[in-house]
Every structure is written in C-alpha cells, then in structure tokens.
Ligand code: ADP
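Below you'll find only one chain, the form predicted on its own, shown as structure tokens.
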C-alpha cells in the first residue's frame, strides 16, 4: 500500500499534533498509510519511525488510537529536535536512504524556518516529494499570515499579562514582561496590542543599550505622572532584544529613584508560552494545512509549503484561504521578516502604533 511520511522538527508548537492528526485522517481517507518519523530530522537520519495508521477489516486504513486523541494536545507525539547533523551532506544522505526504504510517495515536514529549510534541502537532493507545514510560535515564517502555535501562544501571553496587570494595579507597579519569539518581535507586538500595553521592545526596532533603558524609563515616568493617574504600567519585551530582562529592570530602577513608592518588576514567561492545548484557530488551520498538504503530494507537487495567505500570489488549492508557495520564496521572505526589511513588519509596527497607541521602543 502507498504511504506518506510525516515529521515534526525544531521548537514544538501547539497545533503540531492537530496537524499530524489531520494529515493522518486525510491520508487514511485516501487509502494511504502514514509513517511517523520520530524526533524530527534526527529520526530521519537514524531511521526511527512508527506507523500512524493501521489496517482493519476490508483493508481500510484508519488512524492509530493515540493519533485519534492527539489533536488538542500541546507538544508533539512524534517528538522533535534541533538537528545540527542535518546541515552535513553525509547525514542528509543517510536520511535519504531511510526515507527511500519506507517506500513513501512523499514527506510532510511540520516545523519552523529551520525545518522548512531542511525540507528544501530534501526536495533538492532526494527523489521524494516534500511539502512543508509552517509551525512556529515565533510567526517568523514568510508567506503565511500565521504559523501553527501562534494563536495559542498569544492567548497564553495575554492571559498571563492580564493577571500581572491585576496585581500591578493593586500596588501601583510597572512590569517588564519578556515573551518568547527568538529573533522575531511578532508575539510581543501582537500581545502588546491585545493587552493595551504602554510600550513594546522589538528586535526589529534597533536601539542601543542606553537608548533602550532611557526609553523604558521615560515611558514609565510618563505613565506614572500626576496628570495621568495610572496605577499600572506594562512594557512587553521580545526575547530577541539583546538585553537581559533583569539587567534592564535594574538600570530602569536606577533612573527612577526620584519617584516615590514606585516598584518596577520583571517577569520572563519563557517556555510557559510554548505549552498548553491548542486553541480553536490553531486546530482549524492545522486541519486545513493537513488537507492541502496531502492533496499537494498526491498531485506530485514538491519543494512547496502550504501557507494561510489571503493574496493572489502562490498556487491555489482546494481551500481558498490556503495556497502553495515555493520554499525558496518562503525562505527569502522569512529572512526579510527576521531582519526587519519586510513590508509586512513595517506595516505591523505602523498599525500597532496608530491604532492601539502602543509605543515601539
């Protein structure tokens, strides 16, 4: 029987399991078996895998039990890893041998920008079609409005900041809250808008150490001025801003010693942001990505990524909201997102400042 392989790679993201479930269910409905590669590209190199479907009466393909219940869960039931070995041609050759031995019609890679780059390498070096599904809480993947995991991560951040704001107002405190995102400021930017933060620190807005400290101190000073009557100041800091949060808090406190009864606290949300059951939107997008990824493989497409993008660019699919994009173009736009040169980034910052009134520091 024909089969499809699927793996999850890089940092885990809520929605990965929902995507695995969608891939398996859609494949089974097309009478395909599905093989899950364990622990990302490491598993592809080492040849470790397990079946995600089984055959029942009449030879019908159905998902195995844990796949049927995996959709809501955070993390990934296949395991994931960051795989430096995959950068070397000798290990990619081993991965190719193991993939061919599985006799699959194609491979689906679920992961972030590094994982999609790996999919691009496979597509160019192996004879097996490869389709990428974007999954990264950082939302730093080009040509998709959102990657899997972003919505769940934002809901987690917003809930945490709302709770922090409750205690901040009770004691007239300022909080600097660091959120994940690696080199991308998207999570910080979107959360700042949703929580009515006073300011947000973004890696895309380049400032020196002293400029950053001065800007945060001035924001807090202005927020707690006698004319404003505020009892809470919230500054959200992206992980990619190269100043440790505790150091930033100490420097800001030193500048605000003249303000009586003012406390400035720092909170690093860290990996809390990665976990938790996936949201409705992540589950919905995962299903649509899974469907169009399987359809792309069956149509013989390779070296493409499915993306949620409401434009007339890319290749249309059976879903009017999902399009196929050559991975080479995805990687090009991804780099522009990371270095801040993309029109998408500039537009997001402008809208945040003009509509929500959040200062980008």
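Positions refer to the first chain, counted from 1. These numbers come from a predicted model, not from an experiment.
Although it is not shown, the form predicted in complex with this ligand is what the next lines describe.
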Non-hydrogen atom contact residue 87 with this ligand in the predicted bound form at 4.5 angstroms: yes
Contact of residue 154 with this ligand in the predicted bound form (heavy atom, 4.5 Å): no
Residue 111, heavy atom within 4.5 angstroms of this ligand in the predicted bound form: yes
Proximity of residue 94 to this ligand in the predicted bound form, heavy atoms at 4.5 Å: no
Stretch in contact in the predicted bound form with this ligand, which is absent here, among 232-240, 113-121, 155-163, 275-283 (heavy atoms within 4.5 Å): 113-121
The unique member of 207, 288, 82, 98 whose heavy atoms fall within 4.5 Å of this ligand in the predicted bound form: 82
Partner contacts for 260-297, taking this ligand in the predicted bound form and a 4.5 Å heavy atom cut-off: none
